[in-house]
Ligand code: ASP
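There is one chain below, alone, in structure tokens, taken in the form predicted alone.
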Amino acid sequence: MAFIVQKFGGSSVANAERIRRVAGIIADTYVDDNDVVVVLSAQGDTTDDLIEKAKEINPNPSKREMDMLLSTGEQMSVALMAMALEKMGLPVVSLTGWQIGLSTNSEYGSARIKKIAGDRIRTELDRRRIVLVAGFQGINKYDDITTLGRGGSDTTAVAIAAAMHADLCQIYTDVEGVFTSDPRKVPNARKLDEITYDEMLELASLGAQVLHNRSVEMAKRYGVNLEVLSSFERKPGTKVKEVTKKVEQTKISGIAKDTNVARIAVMGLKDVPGIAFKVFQVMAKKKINVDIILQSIGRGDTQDISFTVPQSDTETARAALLEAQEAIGFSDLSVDESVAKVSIVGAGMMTSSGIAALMFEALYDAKVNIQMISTSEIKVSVLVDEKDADRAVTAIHSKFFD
């Protein structure tokens, strides 16, 4: 007997037919004499629909009330799935985040998990029931419902697996596993049999949408055995683990594209010690994540600093910098949202030379101009014009994998 946590995303449970298909996967896992906990996301576009309903009533609702509203999508999913499994004659119970004792802090809309009691889950498993858990949600010290933000259901599944020492955590998606690039954009993208936590974390952070980076970070920290596989086809997926077998032969594992970025240029700064601190302190106070940074020497005694932020933070960043313009001391500010970040990731890069050169050669051949560059031990990221992003990904993929 094994203890298996399974997570199914919104597209996997989007309608009645898909719910029945997923119920079949869950049933097969259960009848193999496994303890099964299943985490579900809201159906299809339910969360987006709920957000639109809120806007009809109040364009600026409180985050607390939005969490109350958005948490209902996952509750609907687990109840419907429980009904499907009941019809198959299987013992099942659906539970919300607060019912399993998933405690969070009080950051409504982007709460962080503090602990999972898990007593209720263990009690139900001891009764040989399939346990269905509403993902994406928990409860804070005020007994208010909170939501975990983007990728919250992935995080819920991995947190349960970590807290209760599950043997395996399976993340079911609409693709067969982790690919070298987006198979919908790059037809010859290859599915990986396995990938390291570090590689998967980089890919998730850089725009790959298979797993959310918070869930991968947690899986790495607690040694959770992860597998990414398709809910539409019964095929082996991609295992995410600490060490993979072919890390040296495979110089890079994947290519990611992120169009949710904006470039901010702060120009005419004084060329004195501490000026970068002043700029990025403003971003830190607004809790804005900064990625690629380029500091250039201007004319005379001035310099420019360019950096990227998520597009969702663009206006906040612009307003904060303009408010602090006098304190920082810059002459001009520009924001460009028509950019994209393209990245290569691979643990094999640490022991191989010339990887960046190959990437840049591919972009040169494709006539794609590079605006900014960022590197680490296992990644190289470049900023390009958004209209060139897909062409850049295809060219890089061909260079490394064809």
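Since the model is a prediction, treat every value here as computed from it, not as a measurement. When you see a residue number, it is the position in the sequence shown, counting from 1.
There is another form of the same protein, the form predicted in complex with the ligand; it is not shown, and what comes next is about it.
Asker: Want to guess which of 215-223, 281-289, 322-330, 146-154 is within 4.5 Å of the ligand in the predicted bound form, heavy atoms only?
Answerer: Careful reading of the contacts points to 146-154.
Asker: Please pick, from A42, V345, V38, V342, the one residue with any non-hydrogen atom lying within 4.5 angstroms of the ligand in the predicted bound form.
Answerer: Flagged contact: A42.
Asker: At 4.5 Å between heavy atoms, is E74 in contact with the ligand in the predicted bound form?
Answerer: E74: yes, in contact with the ligand in the predicted bound form.
Asker: For the heavy atom contacts within 4.5 Å of the ligand in the predicted bound form, list the residues of 128-144 involved, in sequence order.
Answerer: Read in sequence order, the lone residue that approaches the ligand (within 4.5 Å, in the predicted bound form) is F136.
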